[in-house]
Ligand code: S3P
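This document opens with one chain alone, in structure tokens, the form predicted on its own.
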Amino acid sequence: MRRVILIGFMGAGKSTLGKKIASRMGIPFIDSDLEIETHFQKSIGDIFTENGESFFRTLETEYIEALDLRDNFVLATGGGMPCFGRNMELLNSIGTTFYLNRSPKELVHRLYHSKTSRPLIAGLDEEELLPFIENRLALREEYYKKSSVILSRDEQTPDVIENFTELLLHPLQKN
């Protein structure tokens, strides 16, 4: 069974890389935020505003638990998903987790120039973005680093992730 789970800060490239990996491996790509938005027919921002963060985090936990019924997939999580309750433990129990580690400065550049709207950073200029990311990342990294595999920027390729997944599924035999 192939379950690849990509975690990391917003803007790390989880969805972009996840689609490439899923295509190469011939398995479905899932974006947890998009699936939750589709199910509730509301944006994540609207769910936060109307029901609060605690409600949203409960939805994420329920979503992870439901993934145990699926066989093969590549999942891009929301940036905060692994950092609440027992979510990181659940993610590790259902698949191979990969932390896409990026520097705060690279994340600033990627997020500031992104075409995707991000409610958490709406209204922040480029100078305000760096301390925001540094502070938030400092809180989240303890969870991210519990991943099965931590990938540096240069290792974040479909080849590397596919090879790790194959090795974990079929360990090398010692003679």
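None of the values given here were measured: they were computed from a predicted structure. In this text, residue numbers run from 1 along the sequence as written.
The same protein also has a form predicted in complex with shikimate-3-phosphate (S3P), omitted here; what follows describes it.
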When the contact criterion is heavy atoms within 4.5 Å, does Met25 count as touching shikimate-3-phosphate (S3P) in the predicted bound form? no
Using 4.5 Å between non-hydrogen atoms, is Ile21 touching shikimate-3-phosphate (S3P) in the predicted bound form? no
Any non-hydrogen atom of Leu151 within 4.5 angstroms of shikimate-3-phosphate (S3P) in the predicted bound form: no
Evaluate Phe48 for contact with shikimate-3-phosphate (S3P) in the predicted bound form, applying a 4.5 angstroms cut-off between non-hydrogen atoms, and reply yes or no. yes
Choose one stretch from 102-110, 53-61, 123-131, 66-74: the one whose residues place a heavy atom within 4.5 angstroms of shikimate-3-phosphate (S3P) in the predicted bound form. 53-61
Heavy atoms within 4.5 Å of shikimate-3-phosphate (S3P) in the predicted bound form is the criterion; list the residues of 86-114 that meet it. none
